[in-house]
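Only one chain comes next, encoded as structure tokens, the form predicted on its own.
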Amino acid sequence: MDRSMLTYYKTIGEIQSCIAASQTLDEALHASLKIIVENSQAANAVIWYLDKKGDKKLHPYYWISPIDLTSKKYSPGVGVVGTTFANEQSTRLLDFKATPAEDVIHTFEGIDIDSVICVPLTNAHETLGCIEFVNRADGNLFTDEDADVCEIMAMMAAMAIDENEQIQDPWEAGNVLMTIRGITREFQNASGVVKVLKGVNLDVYDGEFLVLLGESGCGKSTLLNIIGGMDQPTSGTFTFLNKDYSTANQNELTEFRRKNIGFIFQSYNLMPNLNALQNLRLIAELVETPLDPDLALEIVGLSERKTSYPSQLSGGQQQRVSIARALVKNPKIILADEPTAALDYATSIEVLQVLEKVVSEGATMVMVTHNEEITRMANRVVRMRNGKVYEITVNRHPAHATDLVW
């Protein structure tokens, strides 16, 4: 039996197992795509699906790629994605440069495209969307055997969607607040140059709850520091409301942080000699249009503890004061760095309930966490690996904090 057939049967078996073990449609599709990416050696892959109730366009459902595709859409019949969907037939551009297709370039802007496979996602009843694969990870071109395996994967993934369970309506992103393109960050130490970020591309949308996830050392906290103006990239562009801060000086970054960013730290960072209300008033004096400190404490459920000092508050209460302190600034974006890492489960849920409330009332939040369960609350989950964005998940039905278990 040749290698392609071994891959074929191995892929089928793994996908069948993951579908059987998955409790939700999201889990089944995500796990299926990861399996085929591994077995086909694809460098980039995205599941596209048709929004039947809304704009009747193909939206990205889930993807493994360093490119942020959140805002991309295709009409049926337009481009490789739309044509594959409309014709219900696979598109094989195995040597892309020999048979160029402009629309694929727009799909993965910033990637040099060598080879493309796009296959329809069809169950027993209808074509739901398609799955697009761009470039092999080893630098070679896709083969017809690779395309055969990808088609089987799409067929198996479609089996995860039965007639009683439909893909959720798309999450509608707000306006782009922040754009990050090609961001790198290098540090010099005794051993030489350490490359922490290696070309990050990401947009942050108004009103979203975005989670950065990844193993220790993957660069997520460094990226958060750049987003918050506490650090600067070595190269790349970082814009906020269309203003470029990539090469801003320290005074400009200070002004950026003061006017636009609220911080929630793992270690609370409250002033120990000030009570809860005084901690908030100190921040309120630094901004032009602060939220009333008493109202901020009311929002986080601590009106009765406003005269308490940090040493008189539990860890969860201190973190809620920290959240209120961020709210006082009326920031455009709230950044939270492992806000529950130092808390027990019950206290973590209390804090996450407050954050959920804050986001539901229109705040934009970017959170770094190592806790996979917390990602269920997010609108989007950005998983980082080795200094780059590895995959992005758009969560169309975020969980409530009280639904989380770990």
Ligand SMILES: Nc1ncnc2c1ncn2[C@@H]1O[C@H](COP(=O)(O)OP(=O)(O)OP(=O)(O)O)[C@@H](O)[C@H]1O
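Heads up: residue numbers just count along the shown sequence, starting at 1. Remember, predicted model here, so these are calculated numbers, not experimental data.
Same protein, other form: the form predicted in complex with this ligand, not shown, and the subject of what follows.
Interface membership of Leu121, defined by any non-hydrogen atom within 4.5 Å of this ligand in the predicted complex, is ruled out. Not displayed here, this ligand is approached by Gly219 to within 4.5 Å at the level of heavy atoms in the predicted complex. Among residues of the shown chain, Ile113 is not one whose heavy atoms approach this ligand to within 4.5 Å in the predicted complex. At a distance threshold of 4.5 angstroms between non-hydrogen atoms, Glu285 is out of contact with this ligand in the predicted complex. Heavy atoms within 4.5 Å of this ligand in the predicted complex are found in one stretch of 234-242, 89-97, 219-227, 126-134, which is 219-227. Proximity to this ligand in the predicted complex, taken as a non-hydrogen atom within 4.5 angstroms, holds for one residue of Glu215, Glu304, Glu255, Asp144, which is Glu215. Exactly one listed residue, out of Glu356, Glu338, Glu373, Glu350, brings a non-hydrogen atom to within 4.5 Å of this ligand in the predicted complex: Glu338. Annotation for 186-200: interface residues with this ligand in the predicted complex are Phe187, Val196 [heavy atom within 4.5 Å].
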